[in-house]
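This document starts with one chain, in the form predicted alone, laid out as structure tokens.
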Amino acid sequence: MNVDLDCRGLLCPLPVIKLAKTLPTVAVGDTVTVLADDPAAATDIPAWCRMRSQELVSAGENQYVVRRVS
């Protein structure tokens, strides 16, 4: 299952905060697709995934797919 999270127009850290609140609502192995057009998201979302040991499946064109690992 995939959950879409539209964070376009929001400045960081809001996309990361919304991701952090949404990820626990999906099952382990499922993904959250974050749409974020703030340039800082390109750094912040991958860094959050590393710090929280979650998988960044893909990143590009203002779209980030994160798989819940635990």
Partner chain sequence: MSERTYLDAASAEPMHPAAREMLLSAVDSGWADPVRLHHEGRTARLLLDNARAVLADAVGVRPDELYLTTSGTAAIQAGLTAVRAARSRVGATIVHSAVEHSAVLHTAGEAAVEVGVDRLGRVGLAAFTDAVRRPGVAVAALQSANHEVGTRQPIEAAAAAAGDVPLFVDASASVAHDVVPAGWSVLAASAHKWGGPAGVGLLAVKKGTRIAPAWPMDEREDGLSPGFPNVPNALAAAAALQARLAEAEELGKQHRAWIDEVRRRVAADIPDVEVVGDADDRLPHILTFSCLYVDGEALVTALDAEGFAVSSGSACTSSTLRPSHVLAAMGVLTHGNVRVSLGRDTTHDEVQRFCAVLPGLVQRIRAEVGM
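Positions refer to the first chain, counted from 1. Because the structure is predicted, anything quoted here is derived from the model rather than measured.
Not pictured, yet referred to below: the form predicted together with the partner chain.
Colleague: Assess the spot marked by Pro13, Val16 and Trp48: is the partner chain within 4.5 Å of a heavy atom from every one of these residues in the predicted bound form?
Modeller: The answer is yes: all three residues contact the partner (heavy atom, 4.5 Å cut-off).
Colleague: Check Val26 for me: does it contact the partner chain in the predicted bound form (non-hydrogen atoms, 4.5 angstroms)?
Modeller: Contact with the partner chain, no.
Colleague: Going by a heavy atom distance of 4.5 Å, is Val57 a contact of the partner chain in the predicted bound form?
Modeller: Although the partner chain is absent here, Val57 would stay clear of it in the predicted bound form, with no heavy atoms inside 4.5 Å.
Colleague: Which residues in 35-60 have a heavy atom within 4.5 Å of the partner chain in the predicted bound form?
Modeller: Contacts from 35-60: Asp38, Pro39, Ala40, Thr43, Asp44, Ala47, Trp48, Arg50, Met51, Arg52.
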